[in-house]
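Form predicted on its own, single chain, as structure tokens, below.
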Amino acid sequence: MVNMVLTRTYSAPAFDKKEIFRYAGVRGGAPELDTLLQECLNEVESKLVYRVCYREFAVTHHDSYLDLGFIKTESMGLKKNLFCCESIVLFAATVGIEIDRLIARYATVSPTKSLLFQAIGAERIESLCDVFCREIAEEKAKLGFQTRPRFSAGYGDFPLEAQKEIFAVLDCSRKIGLTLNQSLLMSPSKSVTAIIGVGK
């Protein structure tokens, strides 16, 4: 286990238009939206970044709480997710600030485009997380371990306030340009922090 913050930068995962439309709340085919979506993709594609920082911690299981190395938590949802796990991979991922600027720019002049950029951002960050989680799963499998589905602060009873400790131990601002404000909102907004359980 490497107990330091590491970073990875990825090339763009393939865009999933069906998923983008799902995030936008669009059901069924809409040819005019297909054209508009392609315009949005052409505009945003070169402006996105795909960056992840991460760190591994040993997990200590107690009757009423978990010690994750950087925080102690009584979250039963996370305790169930990490059942029999020996360690975690804590990570933060972002696709950058430019898509936030496009969302804001089009909010008044073209609300439909702004909505599509919101949906593109959601699909992009989920795709990035999927790529990273798949890589970690493959690396751990070679060592005889399995990984669990990622689990984020704010899910179930794992408090959103844990973001403060997550940002501190991952040094998100310096590593990938990701910041957290006093309201616990991330900037860039199309970003994720999460825990991946690792166990035999």
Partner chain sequence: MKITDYLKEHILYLDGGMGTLLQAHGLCPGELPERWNISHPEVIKAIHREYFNAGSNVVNTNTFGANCLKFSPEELEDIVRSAIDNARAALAESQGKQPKWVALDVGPTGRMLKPYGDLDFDDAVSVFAQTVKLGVKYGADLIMIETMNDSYETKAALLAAKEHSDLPVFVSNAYGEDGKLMTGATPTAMVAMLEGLGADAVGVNCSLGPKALVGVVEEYLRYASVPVLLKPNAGLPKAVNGETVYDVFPDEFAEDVASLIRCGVRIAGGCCGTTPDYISATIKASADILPVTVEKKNITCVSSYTHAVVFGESPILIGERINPTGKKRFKEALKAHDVDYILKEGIAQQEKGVHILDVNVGLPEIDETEMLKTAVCELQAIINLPLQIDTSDPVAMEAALRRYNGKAMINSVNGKQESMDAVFQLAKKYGGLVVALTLDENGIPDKAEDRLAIARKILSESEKYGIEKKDIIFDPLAMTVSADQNAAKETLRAVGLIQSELGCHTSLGVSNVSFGLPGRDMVNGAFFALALGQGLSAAIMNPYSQEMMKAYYTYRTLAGLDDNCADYIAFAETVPQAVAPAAPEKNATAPSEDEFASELQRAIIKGLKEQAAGLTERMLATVTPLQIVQEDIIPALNTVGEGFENKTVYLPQLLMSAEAAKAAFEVIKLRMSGETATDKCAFVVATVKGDIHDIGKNIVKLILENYGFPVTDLGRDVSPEAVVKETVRLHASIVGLSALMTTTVPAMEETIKQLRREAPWCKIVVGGAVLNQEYADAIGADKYAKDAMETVRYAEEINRSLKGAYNDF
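Residue numbers count along the first chain shown, from 1. Computed from a prediction, not measured in an experiment: that's the story for all the values here.
From this point on, the text means the form predicted together with the partner chain, which you will not see here.
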Exercise. Though only this chain appears here, would Arg27 touch the partner chain in the predicted complex if you measure heavy atom gaps against 4.5 Å?
Worked result: yes
Exercise. How about Val49: is it within 4.5 Å of the partner chain in the predicted complex, going by heavy atoms?
Worked result: yes
For this session: Flag Gly177 as yes or no: does it have a non-hydrogen atom within 4.5 angstroms of any non-hydrogen atom of the partner chain in the predicted complex?
Result: yes
Exercise. Does the partner chain get within 4.5 angstroms of any non-hydrogen atom of Phe132 in the predicted complex?
Worked result: no
Exercise. Just one of Ile103, Cys85, Val89, Ile125 has a heavy atom within 4.5 Å of the partner chain in the predicted complex. Which one?
Worked result: Ile103
Seminar exercise, completed: If we test each of Gln146, Ser173, Thr60, Gln38 for a heavy atom within 4.5 Å of the partner chain in the predicted complex, the one that passes is Ser173
